[in-house]
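Starting off, we have a lone chain in the form predicted on its own, written out as structure tokens.
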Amino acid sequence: MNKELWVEIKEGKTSFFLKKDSETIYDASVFYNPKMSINRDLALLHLYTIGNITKKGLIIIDPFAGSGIRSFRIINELPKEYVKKIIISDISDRAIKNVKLNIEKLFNDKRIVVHREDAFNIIAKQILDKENIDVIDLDPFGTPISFIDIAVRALVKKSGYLFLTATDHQVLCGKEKSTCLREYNSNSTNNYLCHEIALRILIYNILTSSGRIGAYAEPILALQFEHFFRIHVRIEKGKKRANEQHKEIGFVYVCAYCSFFETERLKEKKNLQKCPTCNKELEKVGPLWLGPLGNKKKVGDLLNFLDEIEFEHNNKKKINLMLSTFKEEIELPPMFYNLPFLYKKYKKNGVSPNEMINRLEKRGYKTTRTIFDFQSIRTEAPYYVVHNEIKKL
């Protein structure tokens, strides 16, 4: 291998080769983004946890392989018995040539199957071949919306897991609202709640895709980190549970001026127009998912197994902090309060988030920090209680 044309890259415990044919990663003929390593760490952690609990080998599809690093790490870093087969696919001929070269040199393993194919087609092929798929990891450039329908159909037979990444931040966070409405059938917002709302819009779309085939989607993990959104759900048959789940779809009324918010399930008819505290026009966001963003027990399982996997130290610290915070807030109501915004509104010097948490908990309201902003809090306390507590400072 010509050392002038190829560079060796290490991520986690895995090294692989990538052709160096551009000055930046974004212009390279085969895409690899080192900033997404934590995304791949989360996938490995969850796969390790599933394998450890079920003691069964998983069949996995990686339909947007790019450089192949996600699959290479799965093969190289997970116990062999946890992975029965991994299907690596990409539409790019150069990407597949790069994958095959690495397999030949470094990862010659019969569990690997490689295809040059469109993501939709490779998933559809598994359905036609009646392959029982355990995990599909959708990590496209931009939106994953076009592939959710086919993915849930491939996973429902075996109660499989859908791992999903979205990087269309501008769309989901309200800067391109018409695109969000067209692609996700939902209205977004660009205020400080936008990241949580984006995840809830994504989950809503997974639920509707699942519901059409008489299945429900159990959210296990829903995180936002830097420029990407990451969701892990389990797809299972069950029309009754799907019907119940759809009762948790609704809207959020948001006031950009005073941070008032109010949720509304589809069966409810609140029809709010003006903010009840400042009389400004309210923004109606949704439809979206208003239920829990994850499963507290299963997030606990991920935390329990975190130390058993060898990740880069800073990534492990970040994952531990994210999952620990997420676990504490899972069962609290949707949406949160940004303390710096409220302190500025009431012209108060303010107190630390921990002090505000203590004040609200002394009044009997469970309150935590939130993964979306460590200067914000999520609480059971009503809007007026939070604001009155700040007014007293």
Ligand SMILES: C[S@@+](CC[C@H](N)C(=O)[O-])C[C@H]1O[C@@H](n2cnc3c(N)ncnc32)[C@H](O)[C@@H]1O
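Remember, it's a predicted structure, so these values are computed and weren't measured experimentally. Note that residue numbering follows the sequence shown and begins at 1.
One more form of this protein should be noted, the form predicted in complex with the ligand, which is absent from this view; the next part is about it.
Every member of the trio Ile69, Glu117 and Pro140 reaches the ligand in the predicted complex with some non-hydrogen atom inside 4.5 Å.
Contact annotation: of the candidates Ile91, Ala124, Leu181, Ile309, the single residue with a non-hydrogen atom within 4.5 angstroms of the ligand in the predicted complex is Ile91.
Residue-level contacts in the predicted complex: of Tyr48, Phe64, Phe326, Phe336, one residue has a heavy atom within 4.5 Å of the ligand, and it is Phe64. Residue heavy atoms within 4.5 Å of the ligand in the predicted complex occur in exactly one stretch of 249-257, 232-240, 154-162, 141-149, and that stretch is 141-149.
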